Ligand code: GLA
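Taking the form predicted on its own, here's one chain by itself in structure tokens.
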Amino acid sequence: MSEKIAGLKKKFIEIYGGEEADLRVFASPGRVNLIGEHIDYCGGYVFPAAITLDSTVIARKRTDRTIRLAATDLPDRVAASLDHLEDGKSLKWGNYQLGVADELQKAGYKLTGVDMLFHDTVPLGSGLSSSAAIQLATAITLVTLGNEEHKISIPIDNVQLAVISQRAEHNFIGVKCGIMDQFASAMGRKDQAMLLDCGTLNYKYTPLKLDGYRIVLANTKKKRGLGESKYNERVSETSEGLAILKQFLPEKVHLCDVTIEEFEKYKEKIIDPIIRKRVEHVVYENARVLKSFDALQSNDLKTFAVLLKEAHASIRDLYEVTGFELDTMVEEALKVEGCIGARMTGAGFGGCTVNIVKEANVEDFIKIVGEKYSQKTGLTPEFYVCDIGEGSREII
């Protein structure tokens, strides 16, 4: 048993009592989206990878219908009945977990009462999908223990858990997110990135061979709440763009079904310049994802790096979800020797950038970018040299 897990089990006993022998351990990771931003809810391709920052749950079955939640870094304690989960919508912390439990039951899963202690190493508000990590860690815990309690031997379907967790975010939290975050957290694979078609949920993996380079995540420390941001506004704008184009391309189901050639042919039909810009980003970004997958399959890091730069310019100028902090972080990163590509990752309005940095230059990169960024923004950033990890699982 690792020191980390041993310490978490002791903390669990301090909070809930009982014996360590009864405890189970589950985890689900955050994710970095290498490229393909704000197109998952448009049915596009995305290119995420699970990271080794995660949400770990120490759990124990109860004999009643009560879920109790605690976290190592928060004073909050939550107790809720599995028969009255709607009451948890107004919670500041615990609503994500109870939302998942609610949707699991609506989908037909038989659950049991559980005590859970959460330990999260995915920074909140970082754009690395801490919420999806919490959702999927909750889902894998509740389904595993519920199946055992009710003697259900059907294998757990992580794809279904991702879809249910997305549904919880829509219905319980009120954020109309795409499927990428939950899918990457559920289905991540060590040392591999995933090309996911968000329209069909078809996916395939490719080894992430960086050959002397590392992925460095730079956290701007500019917090943003998705529900309070312009995220839902962008969802609405792209829906409006699709509705306009469907007048001329009625067979299109998702905005990302529109090709570059079709967009160029009909773009003048989108009268509102704001809507046109949003659609242009989505259509061209979808094409960049496919080019990026091909580049990494061919170990062509230079082409991939160029695509990262193009992606940031598009999300900045056409989709307008970056802001001063993210743009400053990217600008300063690209000035440092050894950094061949950089862009924002996540929903934007704060959070992280993803950078491809030569391994020999990583230490200097962190020092130089950190100093320059702090001088310009007054914020102290955090950096994570990223490894690619496993998806949702029980830790035996």
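Counting begins at 1, following the sequence as shown. What you see is a predicted model, and the numbers here were worked out from it, not measured in a lab.
The following text describes the form predicted together with ligand GLA, which does not appear among the structures shown.
* Listed residue that, although ligand GLA is not shown, lies within 4.5 Å of it in the predicted complex (heavy atoms), from 113, 125, 178, 88 -> When ligand GLA is considered in the predicted complex, the option within 4.5 Å is 178.
* Quick one: from 44, 341, 346, 48, grab the residue that has a heavy atom within 4.5 Å of ligand GLA in the predicted complex. => Only one option qualifies, and that one is 346.
* With the partner removed from view, which of 364 to 372, 32 to 40, 63 to 71, 50 to 58 is the stretch that lies within 4.5 Å of ligand GLA in the predicted complex, judged by heavy atom distances? -> Only one stretch qualifies here: 32 to 40.
* is_contact(residue 213, ligand GLA) in the predicted complex, heavy atom dist at most 4.5 Å -> Outside the cut-off, so no.
* Using 4.5 Å between non-hydrogen atoms, is residue 231 touching ligand GLA in the predicted complex? -> Close contact exists here: in the predicted complex, residue 231 approaches ligand GLA to within 4.5 Å, heavy atoms only.
* **Heavy atom contacts to ligand GLA in the predicted complex at 4.5 Å, residues of 57 to 85 in sequence order** => Contacts from 57 to 85: none.
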